[in-house]
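Take a look at this single chain in structure tokens; it is the form predicted on its own.
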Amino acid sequence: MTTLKASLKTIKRNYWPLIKSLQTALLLITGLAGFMSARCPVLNPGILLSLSGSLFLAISGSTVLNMWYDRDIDARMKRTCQRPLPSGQLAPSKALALGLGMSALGVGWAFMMMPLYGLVIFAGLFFDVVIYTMWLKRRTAWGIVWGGISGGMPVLAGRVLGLGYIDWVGMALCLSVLFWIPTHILTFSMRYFDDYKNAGVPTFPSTYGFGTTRKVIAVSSLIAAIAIAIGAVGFGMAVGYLRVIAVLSVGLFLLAVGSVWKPSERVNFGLFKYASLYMLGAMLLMALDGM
């Protein structure tokens, strides 16, 4: 019993932080919402469980691989220097093995369920790890576009698994996440401007200034809200749920405009937190509507 407790403690301390559980959970929820927008989960519990398992492994695996590759950057940032890899609590080889193993299992499981579903999952992992993290993140602030594309893959994958093909509704939902991600990431990069500067990572605030970044956030938030509304109407969401999404969308846009009109650290951080709650709320409403 003592050995088991010690092992669980080690996993919680050294391995659990590698998957960024809150981020992984949010992306997993988008995938479930995408599936439930196309097929009733009550009648397909086995597929829903397999979707959850394959998505969790693929998303977590890509996150671990990102943490492994960015350990040198994390070591130069106050916010991240105490993570297991930069702090030396965990050997890089163990993190690499974990990331590759989880990624392979998740993608392989997805391909066995449906080749097209597996292809979308693989595309998300490839865009995230190879294109964004390894190639563009340290070179250009525009790398977040590719990070946004990878973030939109789970909801598209869920929709594909439910339908068996890619449709315009799935693409609209994918775009909603793509344009939501700048709101999330750019507000974060403004809050931790000095950290990213010290690490040598180009961001929109360091490249174009805070004023331009806030305008980009406002425009991106508006497009994300429109894309979610189009997708929701496309799959026939109930009017009551659509009204709630409309209210949430107005709140997101007003906060984004407020950050341009009267910029402050408080408004910026409030927008960052609200953006996550907004996406979570919108996806949960989609899931509820599909039940």
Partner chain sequence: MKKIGIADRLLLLGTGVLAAYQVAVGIEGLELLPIICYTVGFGALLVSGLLLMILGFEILGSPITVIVSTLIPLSLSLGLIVEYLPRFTGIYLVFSVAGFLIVAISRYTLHGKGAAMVLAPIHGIAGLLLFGLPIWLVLQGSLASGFVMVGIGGALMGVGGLLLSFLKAGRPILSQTAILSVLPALFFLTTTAFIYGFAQV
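Numbering follows the first chain given and starts at 1. Because the structure is a prediction, the values reported are computed rather than measured.
Absent from the display: the form predicted in complex with its partner chain. The rest refers to it.
- Under a 4.5 angstroms non-hydrogen atom cutoff, its partner chain in the model of the complex lacks residue 25 among its neighbouring residues.
- Although the partner is absent here, residue 244 is a contact residue: one of its heavy atoms lies within 4.5 angstroms of its partner chain in the model of the complex.
- Residue contact with its partner chain in the model of the complex: residue 225 places no heavy atom within 4.5 Å of it.
- Using a 4.5 Å cutoff between non-hydrogen atoms, residue 277 counts as a contact of its partner chain in the model of the complex.
- By the 4.5 Å heavy atom rule, the three marked residues 240, 270 and 273 all count as contacting its partner chain in the model of the complex.
- Shown without its partner, this chain lists 48, 229, 260, 248 as candidates; in the model of the complex, only 248 has a non-hydrogen atom within 4.5 angstroms of its partner chain.
- Proximity to its partner chain in the model of the complex, defined as a heavy atom within 4.5 Å, singles out one entry of 57, 255, 65, 33, which is 255.
- With its partner chain omitted here, the record of contacts in the model of the complex names 262-270 of 229-237, 33-41, 48-56, 262-270, defined by a heavy atom within 4.5 Å.
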